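Okay, here we've got a single chain as structure tokens, the form predicted alone, with questions on binding and movement later.
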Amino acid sequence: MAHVVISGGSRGIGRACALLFEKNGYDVTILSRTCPEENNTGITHISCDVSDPESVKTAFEKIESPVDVLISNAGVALSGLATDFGYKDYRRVMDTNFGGLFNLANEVIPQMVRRKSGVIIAISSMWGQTGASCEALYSASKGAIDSYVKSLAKELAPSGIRVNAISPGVIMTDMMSCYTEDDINALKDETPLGRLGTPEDIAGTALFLASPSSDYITGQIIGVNGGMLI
């Protein structure tokens, strides 16, 4: 049975990934600071702060089976003018969003190289590609993810490891809670497909990227945004 580890797996996109991968026969381990609201027999939860390399190392010491697929999903966002935020904000966003991927990848890459196989999937954002006004730190952290994914893909391809990123558009998760109904309707109007994305839209793409059907895909930033970024 293939084993997938998903960070930020207690809610939102991470939770949708965990449920879909379990449904498709994967052994699922989720890493998160909070426990999921519902317990599933096929999903193991390990408490972990991905921004802290020691916390990540401790979490992986508890994982007994090899990791076939890593989904680096945990992330935070801050909205406001660039000058509203200080060094602590910068560290929080970068250490969680990009640092989380860096810390997790460092744990799984050696074992994947030894086995000459593995899949790493990072959850990025379309703002990493185009930038978002009033989300400069978030955009920068996602841009770093995109560059890191491309570099890792080149470095790890000779070892049979594929590395890709999913670049979501506007997805209805807890991060949207600060938006009004008018804001959400305006975002729908800006999206060619006329709706906002769901966590399940992203989970389906992750399952594809983890499957043999995507064996010739690596180093790609896969946009799942309803056509908002074309």
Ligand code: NDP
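Numbering starts at 1 and runs along the sequence shown. As the structure is a computational prediction, the values presented were derived from the model and not from experiment.
This next part talks about the form predicted together with this ligand, which is not shown.
- Within this chain, D201 is remote from the site of this ligand in the predicted complex, having no heavy atom within 4.5 Å.
- The shortest heavy atom separation between I120 and this ligand in the predicted complex exceeds 4.5 Å.
- Put simply, S51 is close to this ligand in the predicted complex: some heavy atom of it is within 4.5 Å.
- Though the partner is left out of this view, E38 does not reach within 4.5 Å of this ligand in the predicted complex, counting heavy atoms only.
- Checked against this ligand in the predicted complex, the residues I161, I171, V67, A59 give one hit for a heavy atom within 4.5 Å, which is I171.
- Considering this ligand in the predicted complex, the lone stretch of 70-78, 149-157, 110-118, 83-91 in range is 70-78 [heavy atom distance within 4.5 Å].
- Looking at 16-35, the residues that come within 4.5 Å of this ligand in the predicted complex, counting any heavy atom, are L31, S32, R33, T34.
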